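Heads up, the chain below is alone and in the form predicted on its own; it's given as structure tokens.
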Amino acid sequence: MTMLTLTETAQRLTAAGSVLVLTHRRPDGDTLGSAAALCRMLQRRGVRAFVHPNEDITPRLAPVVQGLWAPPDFVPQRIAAIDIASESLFCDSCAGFAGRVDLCIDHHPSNTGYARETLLCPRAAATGEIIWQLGEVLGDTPDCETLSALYVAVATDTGCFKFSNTTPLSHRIAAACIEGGVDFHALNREFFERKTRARFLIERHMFDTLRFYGGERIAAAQLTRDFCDSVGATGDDLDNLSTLLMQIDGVECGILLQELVKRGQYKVSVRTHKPLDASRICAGFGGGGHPRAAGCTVSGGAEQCRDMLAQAALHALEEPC
């Protein structure tokens, strides 16, 4: 793996006649918004750039990449992975790209270095911040669609600019987007406020399963696949639930287990307050992410897995800083 600068990354991308952009499984606003913005920037520079169709995309997020899906016969000169820390996070249709990624642009400290060349900025609040800076190096004048995609990217990974990872650049990007005509109120409403009836039922059920550990400093809950199916939950309804656990007074670590299609297998989301490191907790189960937000996958009984993760978090809390 070779580490690149912003300037070197811009040179690599503009030198390519065509670029295919990959996004991660169960895509969020950062991977999709960053991918969409990069594609539009490159297209303005004469590069044929498209996003690889991600079968996991949800209806709410689909408009972010509207019109950018790669045609079936597209053969790129360069493959770029956006906001993907490891090949294990590839969606199923991207499995054939393992070992073939030319460039990775990412902000996850846990990036495994799987790409031939990497632009890694672990202090960035979102990969969207890196794409913004890349646009500045390219001399790009973003249109409203590009700015909207970047706003969604940065707002997603900063919790609408509330999370502790939010940087001054996060706010400068948001200000530039608003100055550029982005309807930030409509985006905030659509992506971060609106809830379906299924979402309300899921939140109620999640709190019914809530258990506390370590003198109520750790809150853990679980959602079964059967319950989610019974209320007709979509991927949008299940997004970002773990942050709700962190709203409970006194909680320093929130853990949510969501059962996947395979029964007995759980997607785990961990959120923490400083100085507890969520990525370190998840690393013990083969996962990773950021200090305040990370994830992993575990298998077994729901309560057994919940207790196991809570004990790992409790051990982390008791370690000296």
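Counting begins at 1, following the sequence as shown. Between two forms, the rigid core is the largest collection of C-alphas that superpose within 1.5 Å. Everything numeric here is computed off the predicted structure, so don't read it as measured data.
Beyond the structure shown, there is the form predicted together with another copy of the chain, which is absent from this document and is the topic of what follows.
Interface residue among Cys91, Cys160, Val231, Cys121 relative to another copy of the chain in the predicted complex, by the heavy atom within 4.5 Å criterion: Cys160. A heavy atom within 4.5 Å of another copy of the chain in the predicted complex is found for exactly one of Leu241, Leu138, Ile79, Met246: Met246. Residue contact with another copy of the chain in the predicted complex: His273 places a heavy atom within 4.5 Å of it. Within this chain, Pro72 is remote from the site of another copy of the chain in the predicted complex, having no heavy atom within 4.5 Å. Taking the partner from elsewhere, Arg197 is found to have a heavy atom lying within 4.5 Å of another copy of the chain in the predicted complex.
Looking at Ala174, you'd find a heavy atom of it within 4.5 angstroms of another copy of the chain in the predicted complex. Contact with another copy of the chain in the predicted complex, judged as any non-hydrogen atom within 4.5 angstroms, is confined among 83-91, 185-193, 138-146, 102-110 to 185-193. Heavy atoms closer than or equal to 4.5 Å to another copy of the chain in the predicted complex belong, across 203-229, to the residues Arg204, Phe207, Asp208, Leu210, Phe212, Gly215, Glu216, ordered by sequence position. After superposition on the rigid core, the Cα atom of Leu210 is displaced by 2 Å or more between this form and the one not shown. Annotation: Cα of Ser242 displaced by at least 2 Å between this form and the one not shown, core superposition.
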